[in-house]
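Heads up, the chain below is alone and in the form predicted alone; it's given as C-alpha coordinates.
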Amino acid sequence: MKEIQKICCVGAGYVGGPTMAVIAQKNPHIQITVVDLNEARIQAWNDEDLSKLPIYEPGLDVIVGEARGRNLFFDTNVDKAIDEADMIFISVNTPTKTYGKGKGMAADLKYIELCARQIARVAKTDKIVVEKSTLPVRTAQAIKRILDQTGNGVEFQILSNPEFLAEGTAVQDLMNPDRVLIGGSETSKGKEAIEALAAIYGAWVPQERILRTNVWSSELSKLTANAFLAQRVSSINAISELCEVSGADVNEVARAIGTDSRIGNKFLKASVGFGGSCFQKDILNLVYIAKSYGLDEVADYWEQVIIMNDHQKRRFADNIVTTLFNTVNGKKIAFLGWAFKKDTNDTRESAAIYVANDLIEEEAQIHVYDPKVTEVQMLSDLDYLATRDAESNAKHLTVHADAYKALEEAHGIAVLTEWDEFKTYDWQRIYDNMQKPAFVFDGRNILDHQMLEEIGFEVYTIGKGK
(Lines give C-alpha, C1' and ligand atoms only; values in the text may rest on other atoms or scores of the structure.)
Protein backbone atom coordinates (compact mmCIF):
# COMPACT_ATOMS: atom_id res chain seq x y z
CA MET A 1 0.00 0.00 0.00
CA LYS A 2 1.54 3.29 -1.01
CA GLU A 3 1.87 6.08 1.51
CA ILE A 4 -0.47 9.01 1.02
CA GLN A 5 1.70 12.12 0.63
CA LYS A 6 -0.65 14.68 -0.88
CA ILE A 7 -4.36 15.21 -0.29
CA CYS A 8 -6.61 17.57 -2.18
CA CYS A 9 -10.06 18.57 -0.94
CA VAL A 10 -12.50 20.10 -3.42
CA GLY A 11 -14.81 22.45 -1.52
CA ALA A 12 -13.81 24.84 1.26
CA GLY A 13 -17.10 24.95 3.13
CA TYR A 14 -18.43 23.83 6.51
CA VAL A 15 -17.21 20.25 5.98
CA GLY A 16 -14.06 20.56 3.88
CA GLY A 17 -12.44 23.41 5.80
CA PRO A 18 -12.61 22.10 9.37
CA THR A 19 -12.05 18.42 8.40
CA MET A 20 -8.89 19.17 6.42
CA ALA A 21 -7.58 21.54 9.10
CA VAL A 22 -7.78 18.78 11.73
CA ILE A 23 -6.34 16.09 9.40
CA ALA A 24 -3.47 18.46 8.59
CA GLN A 25 -2.81 19.24 12.23
CA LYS A 26 -2.71 15.54 13.13
CA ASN A 27 -0.71 14.42 10.05
CA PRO A 28 2.06 17.02 9.63
CA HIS A 29 3.83 14.79 7.08
CA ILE A 30 0.91 14.95 4.60
CA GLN A 31 0.50 18.01 2.39
CA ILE A 32 -3.14 19.09 2.19
CA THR A 33 -4.56 21.58 -0.31
CA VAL A 34 -8.16 22.75 -0.02
CA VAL A 35 -9.45 24.17 -3.29
CA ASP A 36 -12.57 26.12 -4.19
CA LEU A 37 -13.64 28.19 -7.20
CA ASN A 38 -14.99 30.85 -4.86
CA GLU A 39 -12.04 33.28 -4.71
CA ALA A 40 -13.46 35.38 -1.88
CA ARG A 41 -13.84 32.27 0.28
CA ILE A 42 -10.26 31.13 -0.37
CA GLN A 43 -8.99 34.64 0.39
CA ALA A 44 -10.85 34.54 3.70
CA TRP A 45 -9.29 31.14 4.55
CA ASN A 46 -5.87 32.71 3.85
CA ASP A 47 -6.53 35.93 5.81
CA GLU A 48 -3.73 36.89 8.20
CA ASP A 49 -6.45 37.77 10.71
CA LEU A 50 -7.79 34.40 11.89
CA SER A 51 -11.02 35.98 13.12
CA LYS A 52 -11.90 36.54 9.45
CA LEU A 53 -12.06 32.85 8.50
CA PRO A 54 -15.23 32.26 6.42
CA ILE A 55 -16.57 29.73 8.90
CA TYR A 56 -17.05 30.33 12.59
CA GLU A 57 -16.43 27.23 14.72
CA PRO A 58 -15.04 27.46 18.28
CA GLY A 59 -11.36 26.40 18.21
CA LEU A 60 -11.01 26.29 14.42
CA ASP A 61 -8.86 29.44 14.22
CA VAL A 62 -6.16 27.93 16.46
CA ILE A 63 -5.88 24.77 14.36
CA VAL A 64 -5.81 26.65 11.06
CA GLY A 65 -3.20 28.99 12.52
CA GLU A 66 -0.98 26.05 13.45
CA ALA A 67 -1.19 24.07 10.19
CA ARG A 68 -1.69 26.75 7.52
CA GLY A 69 1.45 27.39 5.48
CA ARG A 70 3.11 24.32 7.01
CA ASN A 71 1.13 21.50 5.43
CA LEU A 72 -2.32 23.10 4.97
CA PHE A 73 -2.92 25.30 1.92
CA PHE A 74 -5.98 27.04 0.48
CA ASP A 75 -6.00 27.71 -3.26
CA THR A 76 -8.21 28.35 -6.28
CA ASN A 77 -6.11 26.27 -8.69
CA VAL A 78 -8.29 23.15 -8.65
CA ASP A 79 -6.61 21.34 -11.56
CA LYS A 80 -3.10 21.56 -10.10
CA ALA A 81 -4.21 20.22 -6.70
CA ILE A 82 -6.14 17.32 -8.28
CA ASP A 83 -3.22 16.44 -10.52
CA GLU A 84 -0.71 16.24 -7.64
CA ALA A 85 -2.91 14.48 -5.07
CA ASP A 86 -2.88 10.77 -4.13
CA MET A 87 -6.24 11.15 -2.42
CA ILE A 88 -9.07 13.54 -3.30
CA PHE A 89 -11.93 14.45 -0.97
CA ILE A 90 -15.13 15.71 -2.59
CA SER A 91 -16.78 18.21 -0.20
CA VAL A 92 -18.93 20.24 -2.55
CA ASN A 93 -22.46 21.42 -1.86
CA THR A 94 -25.33 18.97 -2.46
CA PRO A 95 -28.44 21.12 -2.04
CA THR A 96 -31.98 19.81 -2.51
CA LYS A 97 -33.14 20.26 -6.11
CA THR A 98 -35.20 23.41 -6.69
CA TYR A 99 -36.29 22.37 -10.19
CA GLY A 100 -37.45 19.47 -12.35
CA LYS A 101 -37.85 15.84 -11.34
CA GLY A 102 -37.45 15.27 -7.62
CA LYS A 103 -37.81 19.02 -7.02
CA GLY A 104 -37.84 19.81 -3.30
CA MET A 105 -36.68 16.29 -2.40
CA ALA A 106 -33.85 14.75 -4.41
CA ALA A 107 -30.30 15.98 -3.86
CA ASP A 108 -28.95 18.11 -6.67
CA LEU A 109 -25.84 16.21 -7.74
CA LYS A 110 -24.81 18.79 -10.36
CA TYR A 111 -21.75 19.93 -8.36
CA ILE A 112 -20.69 16.37 -7.52
CA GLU A 113 -20.85 15.40 -11.17
CA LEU A 114 -18.93 18.49 -12.32
CA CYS A 115 -16.30 17.66 -9.72
CA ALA A 116 -16.05 14.02 -10.87
CA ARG A 117 -15.71 15.14 -14.50
CA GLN A 118 -12.95 17.55 -13.55
CA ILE A 119 -11.04 14.79 -11.71
CA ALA A 120 -11.53 12.50 -14.72
CA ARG A 121 -10.17 15.16 -17.08
CA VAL A 122 -7.11 16.07 -15.00
CA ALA A 123 -5.96 12.80 -13.37
CA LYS A 124 -2.92 11.08 -14.87
CA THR A 125 -2.08 8.80 -11.93
CA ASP A 126 -4.13 6.41 -9.77
CA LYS A 127 -6.24 8.18 -7.15
CA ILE A 128 -8.39 7.40 -4.14
CA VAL A 129 -11.56 9.51 -4.31
CA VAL A 130 -13.43 10.07 -1.04
CA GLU A 131 -17.08 11.21 -0.92
CA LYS A 132 -17.37 13.59 2.00
CA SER A 133 -20.51 15.48 0.97
CA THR A 134 -23.85 14.20 2.24
CA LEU A 135 -25.17 12.13 -0.63
CA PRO A 136 -27.99 9.88 -1.60
CA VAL A 137 -27.24 6.18 -1.67
CA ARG A 138 -25.53 4.86 -4.81
CA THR A 139 -23.83 8.13 -5.71
CA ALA A 140 -20.48 6.36 -5.50
CA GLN A 141 -21.57 4.25 -8.42
CA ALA A 142 -22.30 7.33 -10.55
CA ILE A 143 -18.94 8.89 -9.63
CA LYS A 144 -17.14 5.66 -10.48
CA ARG A 145 -18.80 5.39 -13.88
CA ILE A 146 -17.75 8.92 -14.79
CA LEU A 147 -14.18 8.38 -13.54
CA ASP A 148 -13.75 5.06 -15.29
CA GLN A 149 -14.55 6.63 -18.66
CA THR A 150 -11.48 8.88 -18.65
CA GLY A 151 -9.49 6.83 -21.09
CA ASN A 152 -6.29 7.93 -19.29
CA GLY A 153 -5.83 4.38 -18.03
CA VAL A 154 -6.02 5.73 -14.49
CA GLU A 155 -7.45 3.54 -11.71
CA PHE A 156 -9.77 5.07 -9.16
CA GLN A 157 -10.92 3.70 -5.84
CA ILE A 158 -14.07 5.33 -4.50
CA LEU A 159 -14.61 5.54 -0.75
CA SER A 160 -17.61 6.85 1.16
CA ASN A 161 -16.56 8.68 4.33
CA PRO A 162 -19.62 10.60 5.52
CA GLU A 163 -19.20 13.40 8.04
CA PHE A 164 -21.04 13.32 11.36
CA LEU A 165 -20.19 16.86 12.42
CA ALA A 166 -22.57 19.03 14.38
CA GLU A 167 -22.10 22.70 13.67
CA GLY A 168 -20.92 24.66 16.67
CA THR A 169 -18.98 21.62 17.93
CA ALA A 170 -17.31 20.55 14.66
CA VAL A 171 -13.79 20.77 16.03
CA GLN A 172 -14.58 18.61 19.09
CA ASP A 173 -16.51 16.18 16.85
CA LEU A 174 -13.45 15.83 14.61
CA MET A 175 -10.99 15.55 17.50
CA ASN A 176 -13.01 12.96 19.36
CA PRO A 177 -15.48 11.25 17.01
CA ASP A 178 -17.99 8.58 18.14
CA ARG A 179 -17.09 6.73 14.96
CA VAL A 180 -15.39 7.25 11.61
CA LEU A 181 -17.22 5.42 8.86
CA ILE A 182 -15.33 4.29 5.76
CA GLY A 183 -17.14 2.41 3.01
CA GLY A 184 -15.30 0.93 0.04
CA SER A 185 -15.46 -1.88 -2.48
CA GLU A 186 -14.82 -5.41 -1.26
CA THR A 187 -11.96 -6.02 -3.73
CA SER A 188 -8.36 -6.21 -2.56
CA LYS A 189 -7.61 -2.75 -4.01
CA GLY A 190 -10.78 -1.43 -2.39
CA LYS A 191 -9.62 -2.77 0.97
CA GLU A 192 -6.20 -1.19 0.47
CA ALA A 193 -7.85 2.18 -0.18
CA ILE A 194 -9.97 1.81 2.97
CA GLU A 195 -6.83 1.12 5.02
CA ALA A 196 -5.01 4.10 3.50
CA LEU A 197 -7.78 6.41 4.73
CA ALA A 198 -8.06 4.55 8.05
CA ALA A 199 -4.33 5.17 8.61
CA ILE A 200 -4.83 8.94 8.22
CA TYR A 201 -7.62 9.00 10.83
CA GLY A 202 -5.62 6.49 12.90
CA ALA A 203 -3.14 9.30 13.65
CA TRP A 204 -5.56 10.32 16.43
CA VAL A 205 -8.65 8.08 16.37
CA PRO A 206 -8.47 4.66 18.06
CA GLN A 207 -8.84 1.83 15.51
CA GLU A 208 -11.91 0.36 17.20
CA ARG A 209 -13.81 3.57 16.37
CA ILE A 210 -13.02 3.30 12.66
CA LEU A 211 -15.84 1.27 11.09
CA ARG A 212 -15.26 -0.33 7.70
CA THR A 213 -18.33 -1.22 5.61
CA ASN A 214 -19.36 -1.56 2.01
CA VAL A 215 -20.08 1.69 0.15
CA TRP A 216 -23.88 1.37 0.20
CA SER A 217 -24.05 0.72 3.95
CA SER A 218 -21.82 3.71 4.60
CA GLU A 219 -23.91 6.06 2.44
CA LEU A 220 -27.19 4.85 3.90
CA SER A 221 -25.89 4.96 7.51
CA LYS A 222 -25.31 8.68 7.14
CA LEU A 223 -28.86 9.40 5.97
CA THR A 224 -30.31 7.07 8.60
CA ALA A 225 -28.37 8.64 11.50
CA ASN A 226 -29.69 12.10 10.66
CA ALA A 227 -33.21 10.78 10.05
CA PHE A 228 -33.28 9.13 13.49
CA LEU A 229 -32.03 12.29 15.22
CA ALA A 230 -34.51 14.52 13.40
CA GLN A 231 -37.28 12.06 14.18
CA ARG A 232 -36.61 12.50 17.91
CA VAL A 233 -36.93 16.27 17.58
CA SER A 234 -40.21 15.99 15.67
CA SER A 235 -41.48 13.42 18.17
CA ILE A 236 -40.92 15.65 21.19
CA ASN A 237 -42.31 18.65 19.27
CA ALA A 238 -45.48 16.70 18.48
CA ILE A 239 -45.85 16.02 22.21
CA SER A 240 -45.16 19.71 22.99
CA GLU A 241 -48.38 20.72 21.27
CA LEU A 242 -50.29 18.13 23.27
CA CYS A 243 -48.68 19.48 26.47
CA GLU A 244 -49.87 23.01 25.70
CA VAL A 245 -53.52 22.01 25.40
CA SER A 246 -53.49 19.55 28.31
CA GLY A 247 -51.52 21.57 30.85
CA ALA A 248 -48.54 19.22 30.95
CA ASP A 249 -44.96 20.55 30.76
CA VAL A 250 -42.89 19.13 27.91
CA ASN A 251 -39.62 19.63 29.81
CA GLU A 252 -40.89 17.41 32.61
CA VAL A 253 -42.08 14.80 30.10
CA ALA A 254 -38.72 14.89 28.31
CA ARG A 255 -36.88 14.50 31.61
CA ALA A 256 -39.07 11.57 32.63
CA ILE A 257 -38.64 9.64 29.38
CA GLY A 258 -34.97 10.66 28.99
CA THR A 259 -34.02 8.77 32.17
CA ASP A 260 -35.09 5.53 30.45
CA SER A 261 -31.78 4.09 29.29
CA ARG A 262 -33.39 2.66 26.15
CA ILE A 263 -34.49 6.14 25.09
CA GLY A 264 -31.69 8.34 26.44
CA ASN A 265 -31.90 12.09 27.00
CA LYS A 266 -30.29 13.55 23.89
CA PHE A 267 -32.29 15.40 21.19
CA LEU A 268 -35.39 15.67 23.36
CA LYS A 269 -35.53 19.47 23.56
CA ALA A 270 -38.86 20.84 22.40
CA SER A 271 -38.30 23.92 20.26
CA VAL A 272 -39.51 25.95 17.33
CA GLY A 273 -38.09 23.18 15.12
CA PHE A 274 -34.82 21.85 13.72
CA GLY A 275 -32.78 23.58 11.03
CA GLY A 276 -29.34 23.08 9.58
CA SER A 277 -28.18 21.87 6.22
CA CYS A 278 -28.50 18.14 6.81
CA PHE A 279 -31.56 16.92 8.69
CA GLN A 280 -34.17 18.04 6.22
CA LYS A 281 -32.01 17.33 3.18
CA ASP A 282 -31.11 13.84 4.30
CA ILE A 283 -34.66 12.85 5.18
CA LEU A 284 -35.95 14.18 1.86
CA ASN A 285 -33.26 12.09 0.20
CA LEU A 286 -34.43 9.04 2.09
CA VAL A 287 -38.02 9.79 1.05
CA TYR A 288 -37.00 10.24 -2.58
CA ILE A 289 -34.97 7.04 -2.68
CA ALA A 290 -37.82 5.07 -1.08
CA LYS A 291 -40.32 6.52 -3.58
CA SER A 292 -38.07 5.79 -6.54
CA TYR A 293 -38.03 2.12 -5.50
CA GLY A 294 -41.81 2.18 -5.05
CA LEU A 295 -41.64 1.94 -1.23
CA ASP A 296 -44.47 4.39 -0.57
CA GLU A 297 -45.16 3.46 3.05
CA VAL A 298 -41.48 3.91 3.95
CA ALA A 299 -41.44 7.27 2.16
CA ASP A 300 -44.61 8.49 3.93
CA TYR A 301 -43.26 7.44 7.31
CA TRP A 302 -40.10 9.55 7.01
CA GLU A 303 -41.79 12.45 5.28
CA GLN A 304 -43.97 12.90 8.36
CA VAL A 305 -40.87 13.95 10.33
CA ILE A 306 -40.49 16.95 7.98
CA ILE A 307 -44.21 17.74 7.96
CA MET A 308 -44.18 17.89 11.77
CA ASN A 309 -41.14 20.19 11.73
CA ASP A 310 -42.72 22.61 9.25
CA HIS A 311 -45.91 22.58 11.32
CA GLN A 312 -43.96 23.51 14.47
CA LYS A 313 -42.42 26.58 12.80
CA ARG A 314 -45.75 27.71 11.38
CA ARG A 315 -47.49 27.17 14.72
CA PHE A 316 -44.91 29.37 16.46
CA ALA A 317 -45.51 32.25 14.00
CA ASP A 318 -49.30 31.81 14.22
CA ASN A 319 -49.12 31.96 17.97
CA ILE A 320 -47.27 35.30 17.87
CA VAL A 321 -50.03 36.76 15.68
CA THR A 322 -52.89 35.38 17.81
CA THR A 323 -51.31 36.49 21.08
CA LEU A 324 -50.71 40.02 19.79
CA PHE A 325 -54.48 40.52 19.48
CA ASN A 326 -54.71 38.92 16.03
CA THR A 327 -52.68 41.51 14.22
CA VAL A 328 -48.98 42.27 13.85
CA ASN A 329 -49.48 44.77 11.02
CA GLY A 330 -46.89 47.53 11.51
CA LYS A 331 -45.86 46.10 14.90
CA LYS A 332 -42.20 45.67 15.82
CA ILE A 333 -41.31 42.05 16.49
CA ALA A 334 -37.74 41.58 17.72
CA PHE A 335 -35.84 38.35 16.95
CA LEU A 336 -33.02 37.20 19.18
CA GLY A 337 -30.99 34.96 16.90
CA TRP A 338 -31.09 34.01 13.23
CA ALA A 339 -28.52 31.16 13.01
CA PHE A 340 -30.07 27.68 13.10
CA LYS A 341 -28.26 26.97 16.39
CA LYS A 342 -25.77 28.64 18.71
CA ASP A 343 -22.01 28.84 18.07
CA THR A 344 -22.31 28.86 14.28
CA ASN A 345 -22.96 31.49 11.63
CA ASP A 346 -24.76 28.93 9.46
CA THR A 347 -28.39 29.81 8.73
CA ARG A 348 -29.38 26.99 6.40
CA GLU A 349 -33.01 25.92 7.03
CA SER A 350 -33.05 28.03 10.20
CA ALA A 351 -36.46 28.32 11.86
CA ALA A 352 -35.96 32.12 12.03
CA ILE A 353 -36.23 32.41 8.23
CA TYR A 354 -39.63 30.73 8.12
CA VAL A 355 -41.03 32.51 11.17
CA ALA A 356 -39.87 35.86 9.75
CA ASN A 357 -41.38 35.03 6.37
CA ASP A 358 -44.77 34.21 7.92
CA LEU A 359 -44.76 37.38 10.02
CA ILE A 360 -43.77 39.58 7.07
CA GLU A 361 -46.79 38.12 5.24
CA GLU A 362 -48.78 39.64 8.12
CA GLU A 363 -47.00 43.00 7.54
CA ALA A 364 -44.92 42.89 10.74
CA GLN A 365 -41.67 44.83 11.09
CA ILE A 366 -38.93 42.36 12.03
CA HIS A 367 -35.87 43.63 13.93
CA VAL A 368 -33.07 41.10 14.38
CA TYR A 369 -29.97 40.75 16.50
CA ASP A 370 -27.63 37.78 15.98
CA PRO A 371 -24.01 37.85 17.22
CA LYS A 372 -22.60 36.08 14.15
CA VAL A 373 -24.97 36.39 11.16
CA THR A 374 -24.70 39.33 8.74
CA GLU A 375 -27.56 41.38 7.32
CA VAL A 376 -26.59 40.31 3.79
CA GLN A 377 -27.05 36.67 4.82
CA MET A 378 -30.44 37.27 6.48
CA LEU A 379 -31.82 39.06 3.44
CA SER A 380 -30.49 36.43 1.08
CA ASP A 381 -32.17 33.72 3.23
CA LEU A 382 -35.53 35.48 2.88
CA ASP A 383 -35.06 36.19 -0.83
CA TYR A 384 -34.24 32.51 -1.45
CA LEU A 385 -37.81 31.58 -0.43
CA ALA A 386 -39.07 33.75 -3.33
CA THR A 387 -42.24 34.65 -1.39
CA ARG A 388 -42.01 38.33 -2.38
CA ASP A 389 -39.51 40.66 -4.05
CA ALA A 390 -36.21 41.57 -2.43
CA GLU A 391 -37.30 45.17 -1.93
CA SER A 392 -40.27 44.14 0.25
CA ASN A 393 -38.06 41.86 2.34
CA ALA A 394 -35.57 44.67 2.92
CA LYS A 395 -38.41 47.01 3.88
CA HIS A 396 -39.68 44.62 6.58
CA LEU A 397 -36.32 43.50 8.03
CA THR A 398 -33.98 45.64 10.13
CA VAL A 399 -30.74 44.19 11.47
CA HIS A 400 -29.03 45.57 14.59
CA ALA A 401 -25.49 45.28 15.93
CA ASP A 402 -26.79 46.02 19.44
CA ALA A 403 -29.34 43.67 21.02
CA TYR A 404 -30.92 46.36 23.23
CA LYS A 405 -31.55 48.54 20.16
CA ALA A 406 -33.25 45.63 18.43
CA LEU A 407 -35.54 45.09 21.44
CA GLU A 408 -36.39 48.75 22.11
CA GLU A 409 -40.09 49.63 21.66
CA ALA A 410 -40.87 46.08 20.50
CA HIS A 411 -44.36 44.62 20.94
CA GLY A 412 -42.97 41.11 21.18
CA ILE A 413 -39.63 39.28 21.41
CA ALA A 414 -39.04 35.90 19.76
CA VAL A 415 -36.01 33.83 20.81
CA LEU A 416 -35.01 31.77 17.77
CA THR A 417 -31.42 30.72 18.51
CA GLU A 418 -30.14 29.48 21.87
CA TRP A 419 -27.11 31.82 22.10
CA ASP A 420 -25.87 31.82 25.71
CA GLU A 421 -25.58 35.61 25.87
CA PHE A 422 -29.38 36.04 25.70
CA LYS A 423 -29.68 34.62 29.21
CA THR A 424 -27.36 37.30 30.61
CA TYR A 425 -29.26 40.35 29.37
CA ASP A 426 -30.76 42.97 31.69
CA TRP A 427 -34.36 41.91 31.22
CA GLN A 428 -35.74 44.63 33.52
CA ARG A 429 -34.17 47.26 31.26
CA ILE A 430 -35.63 45.48 28.21
CA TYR A 431 -39.09 45.40 29.82
CA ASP A 432 -38.98 49.10 30.68
CA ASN A 433 -38.27 50.01 27.05
CA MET A 434 -40.94 47.81 25.44
CA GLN A 435 -44.56 48.35 24.42
CA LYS A 436 -46.99 46.96 27.01
CA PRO A 437 -48.21 44.30 27.43
CA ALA A 438 -44.68 42.98 26.75
CA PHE A 439 -44.59 39.51 25.21
CA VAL A 440 -41.71 37.02 25.07
CA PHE A 441 -41.96 33.93 22.85
CA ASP A 442 -39.13 31.61 23.85
CA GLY A 443 -38.70 29.30 20.87
CA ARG A 444 -35.68 27.59 22.43
CA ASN A 445 -36.78 27.35 26.08
CA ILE A 446 -33.58 28.97 27.35
CA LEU A 447 -34.75 31.92 29.45
CA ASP A 448 -35.72 32.03 33.13
CA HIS A 449 -39.47 32.26 32.64
CA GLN A 450 -40.33 32.77 36.29
CA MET A 451 -38.01 35.77 36.51
CA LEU A 452 -39.51 37.24 33.31
CA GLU A 453 -43.03 36.85 34.66
CA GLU A 454 -42.05 38.52 37.93
CA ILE A 455 -40.72 41.50 35.94
CA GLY A 456 -44.08 41.69 34.16
CA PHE A 457 -43.55 39.92 30.83
CA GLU A 458 -46.18 37.64 29.35
CA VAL A 459 -44.17 34.55 28.43
CA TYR A 460 -45.01 31.88 25.88
CA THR A 461 -43.03 28.67 26.19
CA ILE A 462 -43.22 25.81 23.75
CA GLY A 463 -44.81 22.76 25.35
CA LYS A 464 -46.13 24.43 28.47
CA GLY A 465 -49.87 24.73 29.04
CA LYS A 466 -51.24 27.91 30.60
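So that there is no doubt, residue numbering starts at 1 and follows the sequence shown. What you see is a predicted model; the values in this text were computed from it and never measured.
Another form exists, predicted together with nicotinamide-adenine-dinucleotide; not displayed. Remarks below refer to it.
K.L.:
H367, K127, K331, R348: which sits within 4.5 Å of nicotinamide-adenine-dinucleotide in the predicted complex by any heavy atom?
P.N.:
If I apply the 4.5 Å criterion carefully, the residue I get is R348.
K.L.:
If you check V35, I430, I30, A403 against nicotinamide-adenine-dinucleotide in the predicted complex, which one has a heavy atom within 4.5 Å?
P.N.:
Here the answer is residue option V35.
K.L.:
Can we say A12, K222 and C278 each have a non-hydrogen atom within 4.5 Å of nicotinamide-adenine-dinucleotide in the predicted complex?
P.N.:
Yes, each of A12, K222 and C278 comes within 4.5 Å of nicotinamide-adenine-dinucleotide in the predicted complex.
K.L.:
Just checking whether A140 would be counted as a contact of nicotinamide-adenine-dinucleotide in the predicted complex - the rule being heavy atoms within 4.5 angstroms.
P.N.:
The answer is no: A140 has no heavy atom within 4.5 Å of nicotinamide-adenine-dinucleotide.
K.L.:
Is the gap between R41 and nicotinamide-adenine-dinucleotide in the predicted complex 4.5 Å or less for some heavy atom pair?
P.N.:
It does: once nicotinamide-adenine-dinucleotide is placed as it appears in the predicted complex, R41 has a heavy atom within 4.5 Å of it.
K.L.:
Hey, in the predicted complex, is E163 touching nicotinamide-adenine-dinucleotide, heavy atoms inside 4.5 Å?
P.N.:
Close contact exists here: in the predicted complex, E163 approaches nicotinamide-adenine-dinucleotide to within 4.5 Å, heavy atoms only.
K.L.:
Is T387 close enough to nicotinamide-adenine-dinucleotide in the predicted complex to count, meaning some heavy atom within 4.5 Å?
P.N.:
It does not: once nicotinamide-adenine-dinucleotide is placed as it appears in the predicted complex, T387 has no heavy atom within 4.5 Å of it.
K.L.:
Name the stretch, out of 373-381, 164-172, 357-365, 248-256, where some heavy atom lies within 4.5 Å of nicotinamide-adenine-dinucleotide in the predicted complex.
P.N.:
Careful reading of the contacts points to 164-172.
K.L.:
Scan 81-112 and note down the residues that get a heavy atom within 4.5 Å of nicotinamide-adenine-dinucleotide in the predicted complex; none is a fine answer too.
P.N.:
Counting only heavy atoms within 4.5 Å of nicotinamide-adenine-dinucleotide in the predicted complex, the contacting residues of 81-112 are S91, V92, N93, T94, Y111.
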